[in-house]
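Only one chain comes next, encoded as structure tokens, the form predicted alone.
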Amino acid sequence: MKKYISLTIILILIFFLSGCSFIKKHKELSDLEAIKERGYLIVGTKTDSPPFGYYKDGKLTGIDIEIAQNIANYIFQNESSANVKFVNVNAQNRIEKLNSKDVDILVATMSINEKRKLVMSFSVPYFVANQKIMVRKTSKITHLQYFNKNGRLAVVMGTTGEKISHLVAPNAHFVGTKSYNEAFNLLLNRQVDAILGDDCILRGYLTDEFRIINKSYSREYYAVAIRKADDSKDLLNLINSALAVMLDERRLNLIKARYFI
């Protein structure tokens, strides 16, 4: 009987210790190690922001999509579409999805700014954009301050454009939208008189009916965003290395050139 009890206690201890070892192992995994163990990178990206992330012929494509694929290939040291999984995010939920670990990184036209640096880390920039306004070709509007007294201005909520609009035209009549698609449809249907946004994204919506006013209200530096944590540092370093290789091999320029920028 005593033998049986002793054996039972030993088995319980072995099970408990091995379980603790398993938990400890997984607790100690850095973000990069967890990604490698999983076998693919989860990337939050936007699907309403041509030429960075959008659907063409039913396929997700764009500058951000190709950059994310290149980063994933660099992490796993092979080229395969299986290296990455894309999750749709928007300007309002992308930071939340990153910090709740729904995604590993954001490659989603994310501009670097001081407020965001408090809650996330950024890679080196991979693109520079400018805040400009798009109007109808026949419009007499020439600057953002026009909206302090007249008209209606569409701004995508959660973007840096929202902040710029309040600084430059604090008395303007703003129409907040959830996406560039929604903002463009408002302009198309004459429900607003202009859209304030990143010029490179506005260009993706440009047709013969519209024009972008050549006055910039801020410079936006797009970068890859990751969680602000000690166990994310290895991932950040690897992403910066991947971007450096892409720049050195001119792949970054070739990607941009493919999308007419």
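All values derive from a computational prediction rather than experimental measurement. Residue indices: 1-based, along the sequence shown.
Beyond the structure shown, there is the form predicted together with ligand GLU, which is absent from this document and is the topic of what follows.
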Given that the partner is absent here, does Phe147 sit within 4.5 Å of ligand GLU in the predicted complex, heavy atoms only?
no
Hey, in the predicted complex, is Ser111 touching ligand GLU, heavy atoms inside 4.5 Å?
yes
In the predicted complex, Arg94 touching ligand GLU (heavy atom, 4.5 Å):
yes
Taking heavy atoms only, is Thr159 within 4.5 angstroms of ligand GLU in the predicted complex?
yes
Contact residue in the predicted complex, chosen from Ile67, Val224, Ile201, Val43 - any heavy atom within 4.5 Å of ligand GLU:
Ile201
Only one of these stretches, 230-238, 215-223, 32-40, 54-62, has heavy atoms within 4.5 Å of ligand GLU in the predicted complex; which one is it?
215-223
Those residues of 66-85 with a non-hydrogen atom no more than 4.5 Å from ligand GLU in the predicted complex are none
